[in-house]
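First, one chain by itself in structure tokens, the form predicted alone.
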Amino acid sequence: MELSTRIDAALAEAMQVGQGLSLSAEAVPQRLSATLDHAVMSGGARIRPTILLSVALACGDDRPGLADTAAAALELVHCASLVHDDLPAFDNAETRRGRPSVHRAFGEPLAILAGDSLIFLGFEMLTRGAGDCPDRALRMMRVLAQRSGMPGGICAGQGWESEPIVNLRAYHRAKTGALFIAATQMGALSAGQEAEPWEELGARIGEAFQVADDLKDALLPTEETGKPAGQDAAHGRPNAVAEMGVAGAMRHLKDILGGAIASIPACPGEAMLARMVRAYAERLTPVDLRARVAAAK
């Protein structure tokens, strides 16, 4: 079965739970239910759950149902972070994935509630999917919690934006890298492997993704990214382009991706994961972006 099919099925099951679709319409706040759908089912590359399932497959994938549930839980938390990131208190973004952001479509109160609800739903789905491996599910919950809050999760990443002096590497590792670390570690845990050897791979993929995002924010228009362009400069946020310049950020991106391949732990699917990282390298630096980087030198 294709990984995208597994992810879509797991997310559909989660939304059945989160939207209360087994209940009567009178028993559920319908606008909040619609807000959850807008936040989760409006597209997106599903990169994090795809990485999670790829690692699970590389490690044997002996509990595919648990891996699928973990992939859905991770994506729900990621979607929640996007809803909150777009709020007026942070980016005040009008669009996400080529559509109105959640607070623009439904209002700020429902956007806050939707983000909160998706976080709780992610953890609920892990409890539901534990099956005969509660120890694996419990360890995945811990990883997801650690990579979502403080001191090293996505909440910490947002917190760095309020500091007078920013450690760019720590900022990138928390804001973006954290959920990629969760992806690689939860994928390994779902297949009964240890989490620790998979931290570096997730961290490197996450850092590469953030540096590429900084480049795209600086160089690509809104119609190509699906979200407002120039947000880093507009909000004075720390970013790789501001610190290293366009050419320097591009060189840094290549170095990170090379290190990511070298960091893959020994496993039956090691060669497959190396191909995956190379494929993501191509997606992160498409031809049009590379041309604009060259033009900016």
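From a predicted model like this one, the values you see are computed outputs, not experimental measurements. Numbers for residues come from their place in the sequence shown, where the first is 1.
If you look for the form predicted together with a further copy of the same chain, you will not find it shown, but the lines that follow are about it.
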(request) Please name which of the stretches 148-156, 213-221, 186-194, 200-208 has residues with heavy atoms lying within 4.5 Å of a further copy of the same chain in the predicted bound form. (result) 148-156
(message) Just checking whether Asn92 would be counted as a contact of a further copy of the same chain in the predicted bound form - the rule being heavy atoms within 4.5 angstroms.
(response) no
(request) Find out whether any non-hydrogen atom of Val28 is located within 4.5 angstroms of a further copy of the same chain in the predicted bound form, and reply yes or no. (result) yes
(request) Report whether the minimum heavy atom distance between Leu36 and a further copy of the same chain in the predicted bound form is within 4.5 Å. (result) yes
(message) If we define contact as a non-hydrogen atom of the residue within 4.5 angstroms of the partner, is Arg142 a contact of a further copy of the same chain in the predicted bound form?
(response) yes
(message) Could you pull out the residues of 104-119 that have any heavy atom within 4.5 Å of a further copy of the same chain in the predicted bound form?
(response) Glu108, Pro109, Leu110, Ile112, Leu113, Asp116, Ser117, Ile119
